[in-house]
Ligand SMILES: Cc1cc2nc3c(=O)[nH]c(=O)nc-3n(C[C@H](O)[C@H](O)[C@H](O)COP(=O)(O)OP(=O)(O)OC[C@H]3O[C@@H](n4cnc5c(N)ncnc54)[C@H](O)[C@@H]3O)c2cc1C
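Next up: just one chain, as structure tokens, the form predicted alone.
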């Protein structure tokens, strides 16, 4: 159930320093983000008895349900989605494979919120999360503040597209995959696609049918030929978890899994566009160059991935000397109040589901060991 933020009356005692929107509202658990991970966490909080709005709340920056899916290219259909797992206790209804993912998935998320009466408040942008002297967390937003005993951060990566820096300057069009809206506008052009992940393969499989394409990656792509079995999945998760447990920066998913035999990959193979070249040295006015050899292009699409959106957590100083955040399961190793969902090994739809459940289990134990008891239905 989604309701306008203005209709929510403050719950619990007011804090000492009221905001322009009134005194801070208090909850036992607060979820930031209503994508796959956030909705999974909200479902499990509700299932474990946390009361909507008094026991927990979900703050979402978007105007409507859907998370990152609502912003995907209209050319991405359910047939070409690179894996999707149903949310707990409500399967994705049968959908025409030709349906745009940006329509089907947000519709499913909206139905999920309503079916489980989840307390999603939107649009609310979280500006900063700070420590309070009483051991709770202050969550500052563009519409007032909240105080919580546990935080489940599920802000994903879509709002932080990564653009690597290269010397030189290109006079043509450049865009990140986040702004890609399909192949039609590139018809008849010469397009450079940068990146070795599933996003790059999607772009190549579409643009390669209407334009001349050149594919470049920093390292040689690794193609996983066999099926993604449960055993292989556990191996991948273990490798990613090892990095975040050591406090190292999170790598791209494809760097661990390799490229799989997706619909888009097979289409790109049929088009003959998977002829990878090594990364160029620099940009030029009319294209890119390797040493003294220049390649003229009309446009560059940077399918170079995303970074975790955690800027609002900066006041908590969670990053360690290794540049990453040291994790223990779903929570920050040095702060069991803070859980990062969709981060590291849970950066997939199935991983997000599992992380939501695991985080809520830990939060229940955390709150039971402290006072006061969580507000339950």
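Keep in mind the model is a prediction, meaning the values are calculated, not measured. Residue numbers count along the first chain shown, from 1.
Just so you know, the form predicted together with the named molecule exists too; it's not on screen, but the next bit is about it.
Taking the partner from elsewhere, residue 157 is found to have a heavy atom lying within 4.5 Å of the named molecule in the model of the complex. Using a 4.5 Å cutoff between non-hydrogen atoms, residue 306 counts as a contact of the named molecule in the model of the complex.
Residue contact with the named molecule in the model of the complex: residue 48 places no heavy atom within 4.5 Å of it. Not displayed here, the named molecule is approached by residue 37 to within 4.5 Å at the level of heavy atoms in the model of the complex. Stretch 148-156 is the answer when you ask which of 148-156, 211-219, 165-173, 275-283 has residues with heavy atoms within 4.5 Å of the named molecule in the model of the complex. The partner is absent here; in the model of the complex, the one residue of 188, 83, 291, 93 having a heavy atom within 4.5 Å of the named molecule is 83. Taking a 4.5 Å heavy atom cutoff to the named molecule in the model of the complex, the contact residue among 126, 104, 297, 264 is 126. Counting a residue when any of its non-hydrogen atoms is within 4.5 Å of the named molecule in the model of the complex, the hits in 52-74 run 59, 60, 61, 62, 67, 68, 69, 72.
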